[in-house]
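The chain below stands alone and is given in structure tokens; this is the form predicted alone.
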């Protein structure tokens, strides 16, 4: 390994990976020489996810909104980074580089100097001034129009996204901003991923990374969608890419700049150390597993599932989130798919649908509710619940790309109990992953290995279900903090410790041997259940029965009518906001 700093030995050099998740941020101190994890710290976001009301005012938000306050991200730098360094027991001077990863697409409107619009006093009460989290799905109508116009015009970039553009991505959310709050859209001089905004705060330099630009920003073959196409969507949208996105796209692992004195004050780290360009939590994870070969699919399992893998050829997979040249590592085509609800589904069920006696039993036994439900669900064989579920409680990211879809459970009887439903929901998410794997293989991209990362890999029962349903061994990322480790690997490259990401991954990343193998008897039963899942999947998801869309439309209409009849909240009387339901 080359000498990384004249004053720091290669043995002592460390880097820090900072993983910005949905509810918290984590900092991880990693030794450059071998990837050893020396210390970590987590900081919970003070504002969390704003999906029912706006924290600044208490103003109710419409359905399908999910906002965040970017000040929470800065608090992670102030709190988690110094705490991780202290736990690691190292001197800050040993740190030679920092890198970050973020949920995506989490995007926010800012001024030309990077100031978020929500920091402006006159805009603090306006929902559109805040960061829109990845699971903000209120821009589905805009996403539908983006897709339909691209299809009718034969836009060459549409097949790179499986034929549909998601409501979760940059363009749909920006078009919603324009149409519902044109004043805020006009004031926004930049429309930027949080992944790039946080690097701006660390370095003082605005950059854009190849990952979010490619997967979330429709940047393909060196360009964004044309001005002519954007004008056809909305005349006021014609200059969106030129005015609010235009910036050089930097490759992953490259150096975005140096840590400023201000950011050094936040973090306690030395000013001037390397800061890598931004990245996405899922896409930094394959290096943490040293799983960069074509066909090695990495499933990052948490609140949602994201499935990423490299390929040596360009292929079109219906319903994939995207394929990007260099989207995971330079020199390969990076593929992405995913599920919008996994851990969130299990949490919803535990929080809102489990009788009190289960909570009491878990407390008596010193278990979490999830541990108790998993234990009881595992006591019966596959198929014994008589249930099948659809894992769309937060919509469908792949392969249907439709966030107006919703969940369903079939087979309920008076004998059904909470662990039965819990098991059906776990199985449903595994079926959703199998749909994605099948789509990749049908598209000419064999999935040769399935590697698991993320918080849910701690649930052994769930892992065995995934192995049985997919009929594949599961290899587990050795790190419990894989995205943060992946970011640290990119920090090492940006600092010059390794020539490229594969070299750093070979030294610092690691994957455990196959920890779960499919049980043939269980897999046979799951094949039968999967066939039933596919029938429901296509019946409700491909237009045979549009009841989920009709229910969603009815809900929105009733809420609109109720809101129109209600007296205005005090803050809305101060300055009406165009186009947003109060």
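Positions refer to the first chain, counted from 1. All values reported here derive from a predicted model rather than from experimental measurement.
One more form of this protein exists, namely the form predicted in complex with another copy of the chain; it is left out here, but the text below deals with it.
* Considering another copy of the chain in the model of the complex, which of 382, 302, 225, 319 comes within 4.5 Å of it through any heavy atom? -> Answer to the contact question: 382.
* Asked: So which of 262, 186, 417, 365 reaches within 4.5 angstroms of another copy of the chain in the model of the complex, heavy atom to heavy atom?
  -> After the contact test, the surviving option is 417.
* Asked: How about residue 408: is it within 4.5 Å of another copy of the chain in the model of the complex, going by heavy atoms?
  -> Residue 408: contacts another copy of the chain in the model of the complex.
* Using 4.5 Å between non-hydrogen atoms, is residue 355 touching another copy of the chain in the model of the complex? -> Residue 355: yes, in contact with another copy of the chain in the model of the complex.
* Give a yes or no for residue 441: in the model of the complex, does one of its heavy atoms lie within 4.5 Å of a heavy atom belonging to another copy of the chain? => No, residue 441 sits far enough from another copy of the chain in the model of the complex that none of its heavy atoms falls within 4.5 Å.
* Verify the contact flag for residue 413: yes if a non-hydrogen atom of it lies within 4.5 Å of a non-hydrogen atom of another copy of the chain in the model of the complex, no if not. => Contact check for residue 413: yes, within 4.5 Å of another copy of the chain in the model of the complex.
* To do: Assess the spot marked by 123, 139 and 208: is another copy of the chain within 4.5 Å of a heavy atom from every one of these residues in the model of the complex?
  => Not one of the three qualifies.
* **another copy of the chain in the model of the complex: contacting segment from 72-80, 92-100, 308-316, 355-363, heavy atom within 4.5 Å** => So the stretch in question is 355-363.
* To do: Counting only non-hydrogen atoms and a 4.5 Å cut-off, give the residues of 543-558 close to another copy of the chain in the model of the complex.
  => Counting only heavy atoms within 4.5 Å of another copy of the chain in the model of the complex, the contacting residues of 543-558 are 545, 547, 548, 550, 551, 552, 554, 555, 557, 558.
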